[in-house]
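One chain comes next, on its own, written out as structure tokens in the form predicted alone.
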Amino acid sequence: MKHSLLRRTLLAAASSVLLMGAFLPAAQAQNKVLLRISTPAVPDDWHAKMWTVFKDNLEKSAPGEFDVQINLNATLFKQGTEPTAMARGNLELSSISAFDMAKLVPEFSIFTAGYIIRDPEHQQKVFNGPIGAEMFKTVTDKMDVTPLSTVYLGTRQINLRDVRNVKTPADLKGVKLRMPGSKEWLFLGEALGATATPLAFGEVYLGLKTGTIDGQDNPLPSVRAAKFYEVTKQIVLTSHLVDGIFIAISNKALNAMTPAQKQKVTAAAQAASSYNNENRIKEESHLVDFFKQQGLQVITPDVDAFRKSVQTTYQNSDYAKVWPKGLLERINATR
């Protein structure tokens, strides 16, 4: 009888241990801070790979504290809907554009204008300094998301299906230049002197091939990735927009963290941006030679003429009316 009782006691104890072992991983998972990431980036792009750097960085600095879930190819949220999802608490992290921000923070439209940011170094100095701090605070207050770091997407150039002698904006008159469909993008195309033509990115290759459009604008890595060099003959290095996106986190997720966790997440975002920026700049530096090898003519126009014309067009527009007084001068003076 005693042996039977002892056996039952031992079996019960063993069962309890097994049950605790089964529930322990689930309990640990529940205690982790969930960080869902949504991005339209494709796996081979640097700003997709940077999220793995973000995740790895957090696993090193805060082992077991975060559950980072990376969703590429816009599989979790459609491109452009991420800020709303973050504001509602349905998404923790994404990379959002200046164009996204300008919809709810009109003064941010200054960063959608041509020839405002000079180069990647200038971009980082502007957004990592007092200007960035002021503008990001406005975004945090109005959008319920907090930008953590600035990601360099590339410098946009003009890519034409036929060779033209392009020196100034006047030389683009009548050129049907594909631009993304929003009014801000179309305004930029017109400011460059072209006839801005909205067309979905997935239709650009065929549009260039058939002559529906005469050209398109994108950073050089995108021109190579989408193989636009197969259906174009010239690249004009206008360098009209130093394009960027911003790693941002929902205020709901950020406010639920401890100060130490906030610091680690911010550091991971900055490490991810640095990884992207270094690799993208390196890639861009080799691409002019690549396009020349593919038979394209690569020319540099009178960039000062483009800059003066485009900035004048913006300063005379309704966009400039919402820019904070003196901000353009402060950006230009940042060295």
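Whichever C-alpha set is largest while still superposing within 1.5 Å between the two forms counts as the rigid core. In this text, residue numbers run from 1 along the sequence as written. Model, not experiment: these values are computed from the prediction.
Only in words, not in the display: the form predicted in complex with a small molecule, which the text now covers.
Novice: Name the residue from 235, 172, 91, 245 that puts a heavy atom within 4.5 Å of the small molecule in the model of the complex.
Specialist: For this set of options, the contacting one is 245.
Novice: Can you pick the one in 116, 153, 177, 166 that has a heavy atom within 4.5 Å of the small molecule in the model of the complex?
Specialist: For this set of options, the contacting one is 153.
Novice: Of 258 to 266, 139 to 147, 124 to 132, 180 to 188, which is the one stretch near the small molecule in the model of the complex, taking non-hydrogen atoms within 4.5 angstroms as near?
Specialist: Answer to the contact question: 180 to 188.
Novice: Counting only non-hydrogen atoms and a 4.5 angstroms cut-off, does residue 79 reach the small molecule in the model of the complex?
Specialist: Yes, contact at 4.5 Å.
Novice: If you check in the model of the complex, is residue 273 within 4.5 Å of the small molecule, heavy atoms only?
Specialist: Output for residue 273 is no: heavy atoms all beyond 4.5 Å of the small molecule.
Novice: With the partner left out of view, is residue 39 within 4.5 angstroms of the small molecule in the model of the complex by any non-hydrogen atom?
Specialist: Residue 39 belongs to the contact set for the small molecule.
Novice: Please determine whether residue 97 contacts the small molecule in the model of the complex, using a 4.5 Å cut-off between heavy atoms.
Specialist: So residue 97 counts as contacting the small molecule.
Novice: C-alpha of residue 87: shift of 2 angstroms or more between this form and the one not shown, rigid core aligned?
Specialist: No, because once the rigid core is superposed, the C-alpha of residue 87 moves less than 2 Å between this form and the one not shown.
Novice: Once you line up the core, how about residue 202: does its CA shift reach 2 Å between this form and the one not shown?
Specialist: For residue 202, whose C-alpha is compared between this form and the one not shown after core superposition, the shift is 2 Å or more.
Novice: How about residue 180 - superposed on the rigid core, does its CA move between this form and the one not shown by 2 Å or more?
Specialist: Yes: residue 180 shifts by at least 2 Å between this form and the one not shown.
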